[in-house]
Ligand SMILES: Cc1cc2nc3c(=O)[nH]c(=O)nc-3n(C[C@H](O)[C@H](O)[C@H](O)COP(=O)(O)OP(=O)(O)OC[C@H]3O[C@@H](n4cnc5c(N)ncnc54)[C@H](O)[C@@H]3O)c2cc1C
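In structure tokens, one chain follows: the form predicted alone.
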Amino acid sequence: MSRSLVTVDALVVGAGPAGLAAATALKLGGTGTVLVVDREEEAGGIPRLCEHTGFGLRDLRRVLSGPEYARRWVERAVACGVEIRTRTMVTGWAAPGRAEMTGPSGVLEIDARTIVLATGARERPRAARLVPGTRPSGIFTTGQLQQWVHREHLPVGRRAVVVGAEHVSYSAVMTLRHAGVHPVALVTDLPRPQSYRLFDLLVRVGLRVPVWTRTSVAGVYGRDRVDEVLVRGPDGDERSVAVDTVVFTGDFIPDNELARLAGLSIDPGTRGPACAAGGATTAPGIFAAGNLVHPAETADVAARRALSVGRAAATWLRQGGDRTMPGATERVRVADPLHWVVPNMVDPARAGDESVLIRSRVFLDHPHVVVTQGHRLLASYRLRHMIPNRSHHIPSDWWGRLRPGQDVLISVSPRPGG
């Protein structure tokens, strides 16, 4: 079957805030034709479905609702001359730099001088978390709940348990309230919530929704519809809670299928493409941005960091875009109890110009973060605390002290908290 061939300077896969930010930076950096494709009907990503406020503070310097925030980024990209095609899905690669895709106009191939992958991340559903019980209706992830409420306008239920107590869990509470559902509680197996204190106070005190800590969901039961969940408390005691809705939140994994098909190296911590500063991956000319790389930051953090990815891709094009040149190979790894680090590759020839994100699996009070290369101490930092499911920043000034040929390790000397 013959396919139409379209040639562009830059292809961005994903029209969420990160993809739109990267595309905008590419265009402002002098890139000729920039095409953004997305499988959804509208550009803007997940914020389109988040009616609550709180978006845009770090990148747009104002506080907006989710839909307004999404519109602002779409308008910025279009105003720069970026072309956006929705209902268009990249299904694979015909060759390096050539994407296979399907859309309203049929099957086609896009030949691009550079590619930015911004396919985002998704929450792990119940099945992936191995929660036993029956298989009734009324079980959602936050993303599914937002689609159900704000796009399909379908009834959800009356009483719900939210599994998780991180940023997105509180967003789920707001969506449930918007749908007229009573959130019975947020349930987390960690010793305390992982969101900002203001969000926690708003939900626990303002909305009177308790957070059950050191508690897990041991089963979900019902015949046609959920009618109870079994929760296990900190002492191992179990009790039944009458609800008709369960929302599994957080526990994000990157949508990395296209990255794997492209042969990119995958970081074992983030499970997204291994990348250096500016989103450079192990394949020259392919960059990665947003929550594909760091699952999962807030939309404004993802967009702000994606701007540097777009600038790096534009620079790569201006310098000739040589796909035969090897990328940076020095890996940055973490030791327990750290979970992941971004960037997780470094170029010894490039000075540090952005912060490094690290995450911990556990609560840590005043951890001493140490960066080493072999037996050499590159840097050390004392942080106030570390909280699971939240990223913490350390400087990248140690990049200038790297030596080629040896991996970097980031570890902590912690005092566990909670």
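All residue numbers refer to positions in the sequence shown, first residue = 1. Not measured: the values here are computed from a predicted model.
Form predicted together with this ligand: not shown, discussed below.
**Student:** Within 4.5 Å of this ligand in the predicted complex - does that hold for a heavy atom of every one of G16, G54 and A299?
**Tutor:** Per the other structure, all of G16, G54 and A299 touch this ligand.
**Student:** Give a yes or no for G120: in the predicted complex, does one of its heavy atoms lie within 4.5 Å of a heavy atom belonging to this ligand?
**Tutor:** Yes, G120 is a contact residue.
**Student:** Find out whether any non-hydrogen atom of R39 is located within 4.5 angstroms of this ligand in the predicted complex, and reply yes or no.
**Tutor:** The answer is yes: R39 has a heavy atom within 4.5 Å of this ligand.
**Student:** Flag S171 as yes or no: does it have a non-hydrogen atom within 4.5 angstroms of any non-hydrogen atom of this ligand in the predicted complex?
**Tutor:** Heavy-atom contact with this ligand at 4.5 Å: present for S171.
**Student:** Are any of the heavy atoms in W316 no more than 4.5 Å from a heavy atom of this ligand in the predicted complex?
**Tutor:** It does not: once this ligand is placed as it appears in the predicted complex, W316 has no heavy atom within 4.5 Å of it.
**Student:** Tell me, which of N344, T188, T270, N291 has a heavy atom within 4.5 angstroms of this ligand in the predicted complex?
**Tutor:** Partner contact (heavy atom, 4.5 Å) among the options: N291.
**Student:** Can you work out which of V243, A262, V90, V131 has a heavy atom no more than 4.5 Å from this ligand in the predicted complex?
**Tutor:** Answer to the contact question: V90.
**Student:** Please identify, from 23-31, 372-380, 355-363, 39-47, the stretch that has a heavy atom within 4.5 Å of this ligand in the predicted complex.
**Tutor:** Looking at the partner contacts, the answer comes out as 39-47.
**Student:** Taking this ligand in the predicted complex, which residues along 241-259 bring a heavy atom to within 4.5 Å of it?
**Tutor:** Those in contact are F252, L258.
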